[in-house]
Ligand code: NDP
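The chain below stands alone, shown as structure tokens; this is the form predicted on its own.
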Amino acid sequence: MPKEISFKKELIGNFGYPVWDNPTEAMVEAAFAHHGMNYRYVTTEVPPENLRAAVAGLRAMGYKGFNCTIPHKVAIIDHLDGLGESASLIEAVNCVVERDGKYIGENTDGKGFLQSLREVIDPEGKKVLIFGAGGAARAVSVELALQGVEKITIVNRSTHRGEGLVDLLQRKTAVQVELKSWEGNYPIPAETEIIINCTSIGLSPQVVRVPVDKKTLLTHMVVCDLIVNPPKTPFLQEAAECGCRILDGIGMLVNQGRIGIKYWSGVDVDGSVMRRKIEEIYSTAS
């Protein structure tokens, strides 16, 4: 009998707008190659007005799932067949999984960040300040609330969006939460223990500082930035100069990627392979 030959690959996608500076494809493909997995990860730029058509196209082509990033994390919900527990709590999706022919939204952002944060500090009982109120801020704040932080302060320029996140936290968790308006260089309250930038401020090519009052960054604070391009943002550099412990966004990216691959394939991949790939990309680019 002739040997059966098949070039089948399971397909995973990634939607965003803009998206071409997103390194997830290189990171995930490195894991697929390392583990000999017959999977491919394809990044596609999708403007908001084309989101419905893009999801329909993936259904037609039998994709096993996909990631979605800015600005689709909330809008994608209307195009899915259901939500997993994490996405239902957070009311935002960054990872979609095909289950029995249906596309189910999950959220791995918060869990990925929490795993990374715990390598630096235990968040339980801590006072947290979060810049931003978008999809990433939703994921991170809900996971932190469920882990027992004492208080979350949301700092955002848009009062309407900030109020939406405060309402979410009050409905879904028992955490103490307040909203502060962001104008000028924001002064960090001295009792703050964990600071997290969940905005796109500092993202390449607009590598600018997060507007904070640098004098209020104190040595007992842990300062985190979810941006990975560049890994050491001006915000983190300023925080390090002030003696703060810092946490870049690579750990979160790797962790949420590992969780996503497990959802899509059932395989627990080696996160160190993914981190090395990301560090290689940005060391070459710098």
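Remember, it's a predicted structure, so these values are computed and weren't measured experimentally. Start at 1 with the first residue shown and count on from there.
The same protein also exists as the form predicted in complex with this ligand; that form is not shown, yet it is the one meant from here on.
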Problem set entry | Contact stretch among 34-42, 244-252, 215-223, 47-55 - heavy atom within 4.5 Å of this ligand in the predicted complex | 244-252
Seminar exercise, completed: Exactly one of Ile261, Ile227, Cys68, Ala239 comes within 4.5 Å of this ligand in the predicted complex through a heavy atom, and that residue is Ile227
Exercise. So which of Gln147, Thr199, Gln115, Thr192 reaches within 4.5 angstroms of this ligand in the predicted complex, heavy atom to heavy atom?
Worked result: Thr199
Problem set entry | Gly105: touches this ligand in the predicted complex, heavy atom cutoff 4.5 angstroms | no
For this session: Using a 4.5 Å heavy atom cut-off, state whether Gln170 contacts this ligand in the predicted complex.
Result: no
Problem set entry | Partner contact for Ala133 in the predicted complex: this ligand, 4.5 angstroms, heavy atom | yes
Exercise. Is there a heavy atom of Tyr186 lying 4.5 Å or less from a heavy atom of this ligand in the predicted complex?
Worked result: no
Seminar exercise, completed: Taking this ligand in the predicted complex and a 4.5 Å non-hydrogen atom cutoff, the residues of 136-159 making contact are Ala136, Ala137, Asn156, Arg157, Ser158
